[in-house]
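Just one chain follows, in the form predicted alone, and it is written as structure tokens.
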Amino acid sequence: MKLLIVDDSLVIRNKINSGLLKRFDKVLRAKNGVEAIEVVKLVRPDVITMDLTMPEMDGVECIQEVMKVCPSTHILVISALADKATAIAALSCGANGFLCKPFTQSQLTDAIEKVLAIQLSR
């Protein structure tokens, strides 16, 4: 399985990578939504972790584009924006889960497992 980590923070990309490296065969990274769409077109990841606040293209817009290109991809939003309206917007665009920053490795693993369970049940 392939994972794409989309976040403008190198620290967060590294934290997600280290927490999930053993779970996925291939882990790719993008620092904004524009890069993420390029990677999605080339690689078709199974799962994406998506920040919402990024330069060039925000996470909600990126989710909308990902769903056009690769609708079978499952998306876990990982964001410091924890208000309900933001979460609902991301989920209504196609995201499958939401994890608030800061997060523990255990919370990250649990959230990814829930997204994968959704994927496997389809």
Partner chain sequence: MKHKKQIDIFIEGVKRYFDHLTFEEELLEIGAPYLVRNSERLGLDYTGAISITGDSKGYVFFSSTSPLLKYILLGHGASNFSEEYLGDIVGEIANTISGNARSHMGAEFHISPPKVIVGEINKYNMNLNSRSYVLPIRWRRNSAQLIVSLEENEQLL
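Positions refer to the first chain, counted from 1. Predicted model, so just to flag it, every value in this text is computed and none were measured.
This protein has a second form, the form predicted in complex with its partner chain, left out of what is shown; the following refers to that one.
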item	value
Met54 within 4.5 Å of its partner chain in the predicted complex, heavy atoms	yes
Touches its partner chain in the predicted complex: Phe103 (any heavy atom, 4.5 Å)	yes
Its partner chain contact at Thr86 in the predicted complex, heavy atom, 4.5 Å	yes
Any non-hydrogen atom of Val39 within 4.5 angstroms of its partner chain in the predicted complex	no
Its partner chain: the contacting residue among Cys70, Ala80, Cys93, Val34 in the predicted complex [heavy atom, 4.5 Å]	Ala80
In the predicted complex: members of 3-37 within 4.5 Å of its partner chain, any heavy atom	Asp7, Asp8, Ser9, Leu10, Val11, Ile12, Asn14, Lys15
